[in-house]
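Below, in C-alpha cells: the form predicted alone, a single chain.
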C-alpha cells in the first residue's frame, strides 16, 4: 500500500468511525439497536473471513462458536450477582475457544468440502446437546438473564443504555478489526494466504500447514465467541437457534455479499443483508427470503467480488 493510499484509508476509516460514534445521538431507538446488532453480526462475519477469505477454508461451524459464546456469557450472568460483565466475557470466550480447539483438531485434517461438512456436523452436534440438555441450557426455551453494568471495581459503574451499549460494542468491534487486520498482514497471515493459494507448495517448503490451520480456526472461533458475548449482552437471551447451522450459512452469505478476504467487506455484507431482510419482511412477511435470495443470486453473478470489490472498481475508474 502506497503512502497516499494509506493516508486515504485511515482518513476513510476515521470518517466512518466518527459517523458510527455519532449515529446513536440522532437515530430513533429501533434503528439505534439495529445498528448495534449489525456491528455484532459484522464481527461474526469478520471472524469467518479469517478462514474463508484468508485461509481458503469454508466453515459451516461458526454457529457453534457464536452460540457457545452466547451460552458462556449467559451462564456467567446467571451465576454471578450482580451480573458481572467481565465474567461474561471470560466464560463466553473460554467456551468458544475450547470448542474451536476441539473442532480444529479433527476438522483441519480434511480439506475443501470435507472440512466444510465436518464443521457443519460439529455445529449440529452442539446444537442437539444444547437443545436436549434442558437442565443446564433451558432447552428450546433458552435462557433469559439481566444485563450487566459497565463496571471497573473500585473505579466506576455505568449502566448500559442503548447509547452506551452501542459505543461499547463499537469499541470492541473496532479493536477486533484492528487486531484481525494486524494478524492478516503479519507473517502468520501471509502463510495463511499461501495455504489458500497452494497448500501443497506451502507444505513442501517446510511450513507445518496443519498447525497454522488449527491456530486459524481457534482464532476465528475466539472472535466468533466474542461476537456471541456481545449479542448476549445486547439481547439478554440465549437460545439453541443461535447454534443451528443456518446461522453459519448466513455468515457465509455476509462474506460473499460484502467481499471475501477484505475484513471490511463482511461487515458491509452483514449490513446490506440485514437491511434487505428488515425491509422486505415488512412487505412480504413470511415470503421475504424470496426477493432477498434473488438479489443474492444476482450479486453472485454480476458482482462476484462483492459490494466492496464493486466499490473499489468504481473508484479506480
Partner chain sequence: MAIDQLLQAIPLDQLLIQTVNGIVAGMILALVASGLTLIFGIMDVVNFAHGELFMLGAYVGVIVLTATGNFWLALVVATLVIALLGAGIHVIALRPLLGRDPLTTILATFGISLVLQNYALWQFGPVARKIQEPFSGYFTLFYLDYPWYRLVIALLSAAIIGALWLFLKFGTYGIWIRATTQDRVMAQAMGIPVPQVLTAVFAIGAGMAAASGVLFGPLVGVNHAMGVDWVLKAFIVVVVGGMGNLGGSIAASIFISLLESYASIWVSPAQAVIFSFVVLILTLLFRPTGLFVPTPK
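Fair warning: this is a prediction, and the values are worked out from it, not measured in the lab. Positions refer to the first chain, counted from 1.
Below, we refer to the form predicted in complex with the partner chain, which is not included among the displayed structures.
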Testing 180 to 188, 90 to 98, 227 to 235, 118 to 126 against the partner chain in the predicted bound form with a 4.5 Å heavy atom criterion leaves exactly one stretch, namely 118 to 126
Counting only non-hydrogen atoms and a 4.5 angstroms cut-off, does residue 300 reach the partner chain in the predicted bound form? yes
| Is residue 197 close to the partner chain in the predicted bound form, meaning a heavy atom pair under 4.5 Å apart or at it? | no
Residue 102 near the partner chain in the predicted bound form, any heavy atom under 4.5 Å?
yes
How about residue 132 - does it come within 4.5 Å of the partner chain in the predicted bound form, if we only consider non-hydrogen atoms?
yes
Report task. Tell me whether 249, 296 and 304, taken together, all sit within 4.5 Å of the partner chain in the predicted bound form, counting heavy atoms only. Result -> yes
Answer key: of 263, 38, 58, 268, within 4.5 Å of the partner chain in the predicted bound form (heavy atoms) is 58
Contacts from 93 to 114 to the partner chain in the predicted bound form (any heavy atom within 4.5 Å), listed N to C, are 102, 105, 106, 109, 110, 112, 113, 114
